[in-house]
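Given as structure tokens, the chain that follows is alone and in the form predicted alone.
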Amino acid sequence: MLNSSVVRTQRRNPRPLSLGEMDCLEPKTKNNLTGKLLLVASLLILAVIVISQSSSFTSPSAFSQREEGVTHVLVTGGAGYIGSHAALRLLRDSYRVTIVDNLSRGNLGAVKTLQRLFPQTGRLQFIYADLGDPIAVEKIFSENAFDAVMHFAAVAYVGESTLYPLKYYHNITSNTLGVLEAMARHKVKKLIYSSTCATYGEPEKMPITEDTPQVPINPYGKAKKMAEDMILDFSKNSDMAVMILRYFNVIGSDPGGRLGEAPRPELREQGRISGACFDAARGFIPGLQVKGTDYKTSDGTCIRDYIDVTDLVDAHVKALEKAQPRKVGIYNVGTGKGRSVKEFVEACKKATGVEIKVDFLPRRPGDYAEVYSDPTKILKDLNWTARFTNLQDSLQVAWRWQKIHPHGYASY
């Protein structure tokens, strides 16, 4: 019935169609048609513009494909103190760098500094992600073509590890396993692993060589040794090139004044002695607390091997250059000379020009009396030796950055 009704209506109002009739349309109809044509034309123009401007979305990024002559390095924990300095050195040496960091210990300001220094396309990218998230880790490796991994990401305070041991085993050991599995799945063939002298514990003989038995005495050292063991076991049936660097107490900062050490305020009590010295010199804390004065050392305080961060990242780059398939290199990274905490405090006073108040307290759980390295092997194999060995000079370089950035990267 509906169709017949339509037919009858059409018969009562015949409108023969012809090309000439277009000129006789009513003004309202004509305007509607013109508007529709203009809308279609506008949409077509807009589509062309969007397509032309979005070519970067449809074409592979520089980070997702391998390029002849360019080494793409994933730097985990690259927003942290050591990781950011390593990223700076890699970028300066024309490596392509991807930083992954969850910013729980790192600083976005360090990443922004690197981005300002190296703004060119395909040089540096930052990915905010947690290595404890397997979905995020898989996405990172599936979307990027890495040639090597420098694995710095870790919580790294001895005292804190004794309070929250499970946090350390999860963050260090478990997360390293996740990175290693992703590397295996995606055929990333080089790993430079950031380890620590804490894996040795408190050896009977000094200096420490790479053959010194590893008997860690705190959860931090134990978690790092477990991660090392996993890497070594995996490497036995793999063609991966592995370098494990066990370094000692890190100090200093970028000589160019671009990066520095900026621990979060809530972590200052657990942090490095250099950070505490600078906080005391600036009046942020009433004085410096030296924990333990009854060790069997020359002045009763702990003895440590203090390595400048610039030397440390140089060792990482040399390790990357020398890494060979199916081989594992294990190296101590230190100066070969031990300095007591009291010596360190005196050097800090001279570097800052401030008479820092010092309080002497009982020992901290998990600490050991004396640790310093024998760097013979790394000199022989990698032609590396520490160059910045003057304690006061290293602290002065770091102090300059601290004075310019009294609130860390928040000062920018």
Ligand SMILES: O=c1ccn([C@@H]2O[C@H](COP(=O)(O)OP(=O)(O)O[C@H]3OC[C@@H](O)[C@H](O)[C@H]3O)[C@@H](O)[C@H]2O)c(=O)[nH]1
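One-based numbering along the sequence shown. Being a predicted model, the structure only gives us computed values, none of them experimental.
The following text describes the form predicted in complex with the named molecule, which does not appear among the structures shown.
J.: Just one of 84-92, 121-129, 246-254, 103-111 has heavy atoms within 4.5 Å of the named molecule in the predicted complex; which?
T.: Residues of 246-254 come within 4.5 Å of the partner.
J.: Which residue among I140, M230, I217, V290 has a heavy atom within 4.5 angstroms of the named molecule in the predicted complex?
T.: Going through each option in turn, the one that passes is V290.
J.: May I ask you to choose, among L74, V341, V309, I208, the residue with a heavy atom within 4.5 Å of the named molecule in the predicted complex?
T.: The residue in contact is V341.
J.: Indicate whether R66 is a 4.5 Å heavy atom neighbour of the named molecule in the predicted complex.
T.: R66 lies outside the contact set for the named molecule.
J.: Answer with yes or no whether R364 is in contact with the named molecule in the predicted complex, where contact means some heavy atom within 4.5 Å.
T.: Answer yes; at least one heavy atom of R364 falls within 4.5 Å of the named molecule in the predicted complex.
J.: R272 versus the named molecule, in the predicted complex: is there a non-hydrogen atom within 4.5 Å?
T.: Because a heavy atom of R272 falls inside 4.5 Å of the named molecule in the predicted complex, the answer is yes.
J.: Test of understanding: in the predicted complex, would V188 fall inside 4.5 Å of the named molecule by heavy atoms?
T.: Contact check for V188: no, nothing within 4.5 Å of the named molecule in the predicted complex.
J.: What residues, if any, in 184-214 have a non-hydrogen atom within 4.5 angstroms of the named molecule in the predicted complex?
T.: Residues within 4.5 Å: T196, C197.
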